[in-house]
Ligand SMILES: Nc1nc2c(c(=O)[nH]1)N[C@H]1C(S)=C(S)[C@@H](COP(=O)(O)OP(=O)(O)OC[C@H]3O[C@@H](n4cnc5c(=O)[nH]c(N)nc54)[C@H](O)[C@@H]3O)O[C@H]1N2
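The chain below stands alone and is given in C-alpha cells; this is the form predicted alone.
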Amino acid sequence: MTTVLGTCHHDCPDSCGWVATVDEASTDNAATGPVVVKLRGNKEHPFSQGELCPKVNRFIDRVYSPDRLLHPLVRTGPKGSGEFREATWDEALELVAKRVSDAIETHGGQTVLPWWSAGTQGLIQEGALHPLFFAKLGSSRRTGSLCGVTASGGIAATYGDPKAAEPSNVQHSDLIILWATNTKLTNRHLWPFIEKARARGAHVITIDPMRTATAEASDEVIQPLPGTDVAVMLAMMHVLIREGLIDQDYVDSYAVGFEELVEHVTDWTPERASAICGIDAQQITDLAIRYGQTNNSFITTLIGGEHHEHGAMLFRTMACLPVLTGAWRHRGGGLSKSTGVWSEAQIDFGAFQRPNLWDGADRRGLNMNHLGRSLTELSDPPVTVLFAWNGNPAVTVPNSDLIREGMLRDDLFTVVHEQFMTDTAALADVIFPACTQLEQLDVVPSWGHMYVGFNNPAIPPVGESVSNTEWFRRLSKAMGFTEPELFTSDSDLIDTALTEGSLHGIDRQALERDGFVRLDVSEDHNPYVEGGFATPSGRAELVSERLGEMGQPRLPTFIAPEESFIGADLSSRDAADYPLTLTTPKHHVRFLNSSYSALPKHGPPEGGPFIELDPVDAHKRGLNEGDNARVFNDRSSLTVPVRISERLRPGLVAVPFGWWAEGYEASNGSTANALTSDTLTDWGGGVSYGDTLVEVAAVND
C-alpha cells in the first residue's frame, strides 16, 4: 500500500486536498495495475481540513464505474442514437484528421469551433495545450464564460481588478452577509470559518430569493425577487448616507465620485426599493444600519448573482458598499468573491502561449453561451467541426434544445473527449476516453482560498483513457503538426508556468512534496486597508468613466432585465403567457456537477428532477404535491413531478440543475437548461440563466 497526495479538480471554490491509498498489487475492478482502494481528505490542508464532499467521497466508484468510457468510439447509428462501435486510437485519430482537414479546405479554419468548460480545473489540464492546437488550425475562438468572468468584470469596474478579500477572513467578522451564495452546499468548507465567527457572536444574514440550506442555518434571511439585488444595494446606500454611517475619511482618501453618488441615490429610498424587490422597506433599513454600524462587516458571494442580464452591475454595485463604510480598513471586513486572480498574479498562465503557431489571420470569437446559435445560425463560414471536452454543454448551457438541434445536423462533425456517455457525448461522431483526476498530473490553483494544490497521479490511466494534454498531443500528431511546443510533456508544462511565473519563492519540489502551498499572501491579508485600488487613479471608482465609455451607466444603476416582470405592474402576471420566474439551483447534496447525476450512488438517491412551487402558485394552477406538471416557455417544455414548499416566494419556481435527459420521464432530450435564457450579461461575456420566465400547468393523465 502507498499513499499519494492530490487535489480535487472540480469547478468548486474549495479545491480540497486529498490522500489516495493505492494497492500496488491488486487486480480488482478489472484493472491491470495499481488500484486506488481509499480516498480521504488531506487533514493537513488548511482550508478543506480533511473533509471531502459527498460526491468526491465516492470518487473511486467513478474511476472504476462499469459505465466509464475506456476506448475510442465511432458513431455507427443515426446522430443522437447513442450507437457507437469501439475503434483503435489510430483509426479514430485518422478519421478526425481527415474530417477536420476536409472541412478546413472547404470552409477555412474558422469552421472549427472548440468548446470547453471547467469540468477539470487545473493549470495544464484545463488550458495548456489546446490554445496552441486551435491556433495552429486557425479555428474560431471560444469567448465568454458560463460563470466567474462577469462577477470579476463587475468588481473590476469599481476596484480596477477583481482582487477582493481572502474568504477565510470571514472568521474575524462580526457581521457576515452571504449574498447570492448557498455556502453550506456549494462552498461547504468555508462554513467552519463562519461558525468560528458565530462562536464569537457574529450575526449571519443570507440574501437569496430561495430559502436554501444556508438560509436555514443563518440568523436572518432576506428574500428579494431575482434580479433586484442592485435596488436593495442602492437603498442601502441611501440609508447609509442618511444615517451618517459613511466612513468619510476612507471615502475621501481612497474613492472618487462620492458627491455624485450621493445625489444619485437620493431618491432610492427603502420604500422605492421595496416596491421593486418585494421585501419590506424596514428590513432594508435595518440591513443597512446593521451593516453601517459594524466595522468588520463581511460580504461573501460567489457566482449566483451574476447569472442575470445585469449581473456585472450587481457586482460593480456590491463592491461600492465596503468602500462607503470603510469596512476594508478592518480585518474581517470587506468583500470576497473569487481568489483566482491572486493565483493568476503569481503563476504564469501566459507561459503556454506561443504566438508563432498562429498565422495572424482573423479568428472570430464565438461566445460559449451561444453554442446553439453558433451551430444553427452561422453561415460565413458555418461551424462544421465541433470539439467538446471538459464539459457537457447539452446539459449545462442555456437554451440547450437549440444546442441539440445544431448537434444533430448531418453536416456537423463532432469530436468529444469524455469519461461517460453524457448527453453531449451521445451526439458525437467520435468519442475519445478521458482520464479522471486520479490518473493525471496537474497543479490546481483555487478560486476559493489562497492555496495552490498539487495533483500526483495515483494510478496509470484506466483502459485507453488519456488526459486532456495527451489528447491534444495525439491530435497534433494526427494532423501532421511538428512544432515541438505542441508536444511538451506535462511535467515540463508545469515547470514552465512555475518557473517563468516566479511563484514568489514557492518551488515545485515543496508543492509536490506537501500537496499544497500558500500563495505569497500574508495571513492577515486585506488588499485595500490603505486604498491601493488598481484603477488609473488608484482609488475606488464610485463613478466610472470607463463604464461610460463602454456604453454602461457611470454610476451604480438598477436596470430591470428584459425577460422579467420587474418594474412592471405585477398584476400583469395573471394575463401573461409566462408569469413565473424560473431558477435552476444547485440543490442536491450527492451531486452538484452534471457529470455525477447519472452515477448510481449519486443521482438515483436524490430521486429525480422536479418543479418546486410556493403553495400560492400551486393552488392557482390546481396542483398538489406529487402531481405531474408541465413547465414551459417558448424555448422548451418539461414534464416533472410537483413539490410544494414555502422555501420560495410566490412568482418564483425552481427546477434543479444537473439532471441528464435520461432523468426526465418524457423530455425528448430536453433538460432544465432547455428553458433558460441565453441573453448575455451587460459586460463580462456571461449569461442570464436567472432571467427566465415560464408557466406551469397540470398534466392530465
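We number the residues from 1 along the sequence you see. Keep in mind that what you see is a predicted model, and the values were worked out from it rather than measured.
Omitted here: the form predicted together with the named molecule. The next part is about that form.
Participant: May I ask whether Thr120, Cys147 and Glu418 all come within 4.5 angstroms of the named molecule in the predicted complex, judged by heavy atoms?
Facilitator: All three within 4.5 Å in the predicted complex.
Participant: Under a 4.5 Å heavy atom criterion, is Phe657 part of the interface with the named molecule in the predicted complex?
Facilitator: Flag for Phe657 set to yes.
Participant: Any of the heavy atoms of Arg635 lying within 4.5 Å of the named molecule in the predicted complex?
Facilitator: No.
Participant: Report yes if any heavy atom of Leu412 sits within 4.5 Å of a heavy atom of the named molecule in the predicted complex; otherwise report no.
Facilitator: No - in the predicted complex, heavy atoms of Leu412 and the named molecule never come within 4.5 Å of each other.
Participant: Test of understanding: in the predicted complex, would Arg62 fall inside 4.5 Å of the named molecule by heavy atoms?
Facilitator: Result yes; Arg62 sits at the interface with the named molecule in the predicted complex.
Participant: From the candidate stretches 621-629, 104-112, 557-565, 588-596, select the single one in contact with the named molecule in the predicted complex, where contact means a heavy atom within 4.5 Å.
Facilitator: It is the stretch 588-596.
Participant: The named molecule isn't shown here, but in the predicted complex which of Gly391, Gly603, Gly448, Gly332 has a heavy atom within 4.5 Å of it?
Facilitator: Checked against the cut-off, the match is Gly391.
Participant: Heavy atom within 4.5 Å of the named molecule in the predicted complex: which of Phe134, Phe387, Tyr250, Trp179 fits that? Just give me the one.
Facilitator: The residue from Phe134, Phe387, Tyr250, Trp179 that makes the contact is Trp179.
Participant: Can you tell me which residues in 211-225 come within 4.5 angstroms of the named molecule in the predicted complex, by heavy atoms?
Facilitator: In sequence order, Thr212, Pro224 come within 4.5 Å of the partner.
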